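First comes one chain, alone, set out as structure tokens in the form predicted alone.
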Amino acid sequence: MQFVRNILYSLKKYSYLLNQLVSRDFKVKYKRSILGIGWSLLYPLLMTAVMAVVFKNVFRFTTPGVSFIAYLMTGLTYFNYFSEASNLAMSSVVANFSLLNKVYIPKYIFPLSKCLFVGINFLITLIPLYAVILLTGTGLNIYHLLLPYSWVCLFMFTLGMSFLLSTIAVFMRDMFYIYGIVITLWTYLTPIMYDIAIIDKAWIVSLMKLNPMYNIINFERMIVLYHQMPSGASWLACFLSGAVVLVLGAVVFKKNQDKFIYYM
């Protein structure tokens, strides 16, 4: 696809700009923060602790055969990356209108930079995730070497959604408020804090399995929690969850990017 080839070419040509954008985001996020990057280690642990208390002790959710803490954190780590990156990317084009008016910059650089910036934080959060995996006795296995595949699929899905959201936000600023509701609903419709097996209606389960985040997180959990080689169907579902949305987002963004200037 020509647009994808253009992106790869621009990544090389505008690599310095991309580095500057990611670096700027880091400086802004941790400016005047006492713990600094330490929050990337503490936040997932604190969120997991709070949600574990609520859903395990109040709602009595269980995950037979695996640690509930590990189950919860594997889902939170992936979903938090998607949620944060897509939220930041959604406003990335609008927030840089002044820069786009002055010099030519490929517009997709902005949502891409947000996904990369949050992606670095995501890699840092793998440290507390693996600490939980070890401390809960979940253990490691050879299949963990396959996890980068799920990271790539997660990145593709998030980038595709970022292209879609940043495009919509240019034409409809209400999207900033609507997406907050959407992402909250999406969180509960993704089996992060509960096992999909507790749902006794087959048609609801079938619908939930169409959720791209379910397919990506399920691929991860099969490796991390259940120590299994994912099935061929899981490999395909994980890949399509990322690739289809990435292509769709790239096409929508490309077709509309020349109209952005009229809405600045």
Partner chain sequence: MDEIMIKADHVSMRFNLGIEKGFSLKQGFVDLFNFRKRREKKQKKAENDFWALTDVNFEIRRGEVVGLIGSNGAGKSTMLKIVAGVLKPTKGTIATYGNICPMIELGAGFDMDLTARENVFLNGAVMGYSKSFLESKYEEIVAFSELQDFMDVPVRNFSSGMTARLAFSIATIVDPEILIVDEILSVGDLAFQQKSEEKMLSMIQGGTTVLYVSHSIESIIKLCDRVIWLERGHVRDYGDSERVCSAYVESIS
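Only a predicted model underlies this, so the values are computations on that prediction, with no experimental measurement involved. Positions refer to the first chain, counted from 1.
As for the form predicted together with the partner chain, it is not shown, yet the points below apply to it.
Asker: Using the partner position in the predicted complex, report whether residue 28 sits within 4.5 Å of the partner chain, counting heavy atoms only.
Answerer: Yes, residue 28 lies within 4.5 Å of the partner chain in the predicted complex.
Asker: Is residue 24 close enough to touch the partner chain in the predicted complex, meaning at least one heavy atom pair within 4.5 Å?
Answerer: It does: once the partner chain is placed as it appears in the predicted complex, residue 24 has a heavy atom within 4.5 Å of it.
Asker: If you check in the predicted complex, is residue 99 within 4.5 Å of the partner chain, heavy atoms only?
Answerer: Looking in the predicted complex, residue contacts with the partner chain include residue 99, since a heavy atom lies within 4.5 Å.
Asker: Indicate whether the partner chain has at least one heavy atom within 4.5 Å of a heavy atom of residue 243 in the predicted complex.
Answerer: No.
Asker: Specify the contacting stretch among 118-126, 101-109, 185-193, 154-162, defined as having any heavy atom within 4.5 Å of the partner chain in the predicted complex.
Answerer: Answer to the contact question: 101-109.
Asker: Along 240-264, which positions have a non-hydrogen atom within 4.5 Å of the partner chain in the predicted complex?
Answerer: Read in sequence order, the residues that approach the partner chain (within 4.5 Å, in the predicted complex) are 258, 261, 262, 263.
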